[in-house]
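Heads up, the chain below is alone and in the form predicted on its own; it's given as C-alpha cells.
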C-alpha cells in the first residue's frame, strides 16, 4: 500500500507543534478525520502556511506515518476569510468543527458530514442569515447523521399528534400530556417545536431566511445542548464557553 495519499480536506483545527511546525486536524471525505503535521508552517514564508489554518479547503499530498500524516504539499482551494473577520461567526464555525472532531472517529470516512460542514461554513462565510439558527440547524443535522435524530412528529409513546408536548432527553423526543405522567419533563413551547420541525426538514440553503426572537433562540439552544450531551456523551465544548462569553444576550 502506498504511503503517499492525495486527499481534499477541511482544516478543523490548527495548533503549534514545537517551534516551527503545526499540527492540523483534517476532515476529508476520503480518509475521514486525521491528524497531520505541517512542517515549517509557523513560518509565514512556508509553502504550507496558507493552508494551515482553520476554515481552509485544500487538496493535500500526505505521507502516512505510524500515528500521523505528514503534509508534503497542499493546494488551497478556498480560504473562508469572511468567517475569520467576524468574531461570532468565527466562534460558531469553530464550534461546528469541534462538534465534528468530538463525534467522528479517527479515520472514519463520512462524506455526508463533510458536505454538511462545508455547506454551513460557506453560509457563515457569506454572513447571511442568523448564525445562531445555522448552528441549531447544524446540530440537528449532525444528530440525524450520527443516528440520534430527535423524534418531533408526534408523541414518541402513543403517537398522539395533539399539543401540548413535553421533552425529555432520554425519551429521544416529544411526548404528550397523558404520557408525561410520572416522567421527568420540561415544557416545550408550540413555537419552538414548530421551529425545530422546520429546521429538521429543510436544506441548508433555506436556513438563511429563518428568524426567531431571542427567547426562542435561547430555548432552542438549551434543548439541543442537553440532547447532544445526553446522546453523544460529550459534556461540554470549549467553543460553547467562548460563545457564552461573547454573547450579547
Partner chain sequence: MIFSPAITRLIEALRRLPGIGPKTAQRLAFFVLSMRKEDVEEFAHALLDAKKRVRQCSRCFNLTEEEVCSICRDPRRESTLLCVVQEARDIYVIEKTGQYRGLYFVLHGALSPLEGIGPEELKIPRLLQRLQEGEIKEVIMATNPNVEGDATAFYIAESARPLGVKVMRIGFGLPVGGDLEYADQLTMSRALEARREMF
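If you're wondering where the values come from, they're calculated on a predicted model, not measured in any experiment. Positions refer to the first chain, counted from 1.
The same protein also exists as the form predicted in complex with the partner chain; that form is not shown, yet it is the one meant from here on.
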Subject >> Contact assignment for the partner chain in the model of the complex, among 27, 69, 195, 55, heavy atom within 4.5 Å >> reply: 55
Original post:
Since exactly one of 169, 160, 79, 73 fits, which has a heavy atom within 4.5 Å of the partner chain in the model of the complex?
Top reply: 79
Subject >> in the model of the complex, segment of 44 to 52, 184 to 192, 61 to 69, 206 to 214 with a heavy atom within 4.5 Å of the partner chain >> reply: 44 to 52
Original post:
Heavy atoms within 4.5 Å of the partner chain in the model of the complex: does residue 94 have any?
Top reply: yes
**OP:** Classify residue 85 as contacting or not contacting the partner chain in the model of the complex by the rule of any non-hydrogen atom within 4.5 angstroms, answering yes or no.
**Re:** yes
Original post:
Within a 4.5 Å heavy atom cut-off, is residue 98 in contact with the partner chain in the model of the complex?
Top reply: yes
Original post:
Heavy atoms within 4.5 Å of the partner chain in the model of the complex: does residue 225 have any?
Top reply: no
Original post:
Going by heavy atoms, what in 206 to 242 lies within 4.5 angstroms of the partner chain in the model of the complex?
Top reply: 238, 239, 242
